[in-house]
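One chain is shown next in structure tokens, namely the form predicted alone.
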């Protein structure tokens, strides 16, 4: 397989700076509302600030992949004298908690880095973070190019939805004819 360069987008969290203002949750839920900015509901946010107020612990966590089953993790981490349950670090939407689930449908939520057209310079949570807790980073990585048939199908369906079946078929015919000749 061929190697290709891929841009990896991440948000680094400096938890020591977080004061629990939750501006990230508010802007995320507003940005992802339908239509955009029409409502604010932090339960719909793709970032949640996990907290233990009595110990002054605030930890922003982004929604990751969906987990169909509950994990066995029940460990406690101690960092700088503060205790964190393992679930506080977990990015998954799982059966044992309501975090990172759409409140009305129960469908899992996942951080999409506020992808849009045209693309934003940084995700909204990073832009609106009051204490520079969230730091947006991009890096190039060389990865093995993996071609999966289902990815091709999704791409073709998107093209058909946008341009129609006939235009897609005409373009493929024209492309294959130029490759032969």
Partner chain sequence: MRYAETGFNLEIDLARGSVEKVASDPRLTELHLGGLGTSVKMHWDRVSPETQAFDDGNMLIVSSGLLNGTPAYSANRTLCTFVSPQSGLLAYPMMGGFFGAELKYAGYDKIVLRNKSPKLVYIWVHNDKVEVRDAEHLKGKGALETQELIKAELRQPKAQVAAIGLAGENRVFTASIEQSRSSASRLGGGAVLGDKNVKAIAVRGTKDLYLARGEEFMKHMAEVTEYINFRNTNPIPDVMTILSGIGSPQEMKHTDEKWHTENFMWGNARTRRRDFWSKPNEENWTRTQLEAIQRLISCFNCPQQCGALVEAHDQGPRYMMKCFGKLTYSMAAYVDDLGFNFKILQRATEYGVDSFSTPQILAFAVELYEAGILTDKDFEGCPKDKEGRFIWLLDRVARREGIGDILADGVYYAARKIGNGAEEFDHNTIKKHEQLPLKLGMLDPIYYLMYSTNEKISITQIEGNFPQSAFPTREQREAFVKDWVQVPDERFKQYVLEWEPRGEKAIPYFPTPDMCSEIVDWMEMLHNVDDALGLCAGMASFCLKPPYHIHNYPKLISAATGMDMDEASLKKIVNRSRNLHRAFNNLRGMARADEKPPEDHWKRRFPELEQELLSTYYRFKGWNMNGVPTRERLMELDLGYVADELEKRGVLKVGEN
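Quick caveat: nothing in here was measured; it's all calculated off a predicted structure. Positions refer to the first chain, counted from 1.
A second form of this protein, the form predicted together with its partner chain, is not displayed here; the remarks below concern that form.
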4.5 Å heavy atom contact, residue 58 to its partner chain in the predicted bound form: yes
Would you please decide whether residue 131 lies within 4.5 angstroms of its partner chain in the predicted bound form, comparing each non-hydrogen atom pair? yes
Taking heavy atoms only, is residue 38 within 4.5 angstroms of its partner chain in the predicted bound form? yes
Would residue 164 count as touching its partner chain in the predicted bound form under a 4.5 Å heavy atom rule? no
Using heavy atoms only and a 4.5 Å cut-off, decide whether all three of 92, 94 and 111 touch its partner chain in the predicted bound form. no
Given that the partner is absent here, state which listed stretch (168 to 176, 154 to 162, 5 to 13, 19 to 27) has heavy atoms within 4.5 Å of its partner chain in the predicted bound form. 19 to 27
With its partner chain left out of view, which of 67, 63, 49, 122 would have a heavy atom within 4.5 Å of it in the predicted bound form? 49
